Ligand code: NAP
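To begin, one chain is listed below as structure tokens, in the form predicted on its own.
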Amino acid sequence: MDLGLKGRKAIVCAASKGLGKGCAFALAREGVEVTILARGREALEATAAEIRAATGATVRTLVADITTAEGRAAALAAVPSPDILVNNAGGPPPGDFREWDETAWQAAVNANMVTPIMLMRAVVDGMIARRFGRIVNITSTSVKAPIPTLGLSNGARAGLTGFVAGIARQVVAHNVTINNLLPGPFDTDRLRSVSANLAAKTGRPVEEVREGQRNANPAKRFGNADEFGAFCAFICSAHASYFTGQNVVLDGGAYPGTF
């Protein structure tokens, strides 16, 4: 299927690895001019080279911390009129809520709620004027089923979800959609960090913990970044203009709810 995205311009945040990289790869395959952002230059440039070699697409890089005002300004200067924005930022650390002071909460809310809102605020009017826009926020299944050790993430991402529910309905008439993708257990650095934390707390080997996590999932495996990226690309497509304000769970069936 042709997703109707050839020649569009995209900003993909935190895209040097993991789910952001998967999204950038999938968009590049569709002929999107992709600008990928991350804080580390070496991994970012390696990812850009890999995507260019595999797809032939135009891929630009920007070393920036998207959670800062300076980083966001640099991203918008590099791509002043994006057609697609994929918001993504590393999740806050796991732990016990008793360990987190106000500074920890402010950092989590800034990275996982305020930053994507500020980027949406900056690009949405241009998208409305051009009659095309696709915004995808990578969040977490924790907004539907909170994860006890990820309280910082549960709180910050739930705030973003509530905001998106309102704003998405205000812009869809202009062919601008805003949706959230909620990854479950994907084999990323983030999951490996959570597994290591659990192993340390229980005194079990990390691989034993990971095997238990895999077997606990109905799919009996972790997800991979390529399949996540393909789903993201479809939501960004010309065919998805009637799809907005949704929280799409991608977790191999782990979420047990009916709705």
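Since we're looking at a predicted model, the values are computed, not measured. Numbering starts at 1 and runs along the sequence shown.
Omitted from view is the form predicted in complex with the ligand, to which the following refers.
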{"item": "Residue 183: touches the ligand in the predicted complex, heavy atom cutoff 4.5 angstroms", "value": "yes"}
{"item": "Residue 176: touches the ligand in the predicted complex, heavy atom cutoff 4.5 angstroms", "value": "no"}
{"item": "4.5 Å heavy atom contact, residue 210 and the ligand in the predicted complex", "value": "no"}
{"item": "Exercise: residue 56 in contact with the ligand in the predicted complex, heavy atom 4.5 Å", "value": "no"}
{"item": "Triple contact flag 11, 70 and 114 to the ligand in the predicted complex, non-hydrogen atom at 4.5 angstroms", "value": "no"}
{"item": "Single option in 119, 143, 167, 89 placed near the ligand in the predicted complex, where near means a heavy atom within 4.5 Å", "value": "89"}
{"item": "Location of the ligand contact in the predicted complex, chosen stretch of 48-56, 27-35, 187-195, 210-218 [non-hydrogen atom, 4.5 Å]", "value": "187-195"}
{"item": "Residues within stretch 44-69 having a non-hydrogen atom within 4.5 Å of the ligand in the predicted complex", "value": "64, 65, 66, 67"}
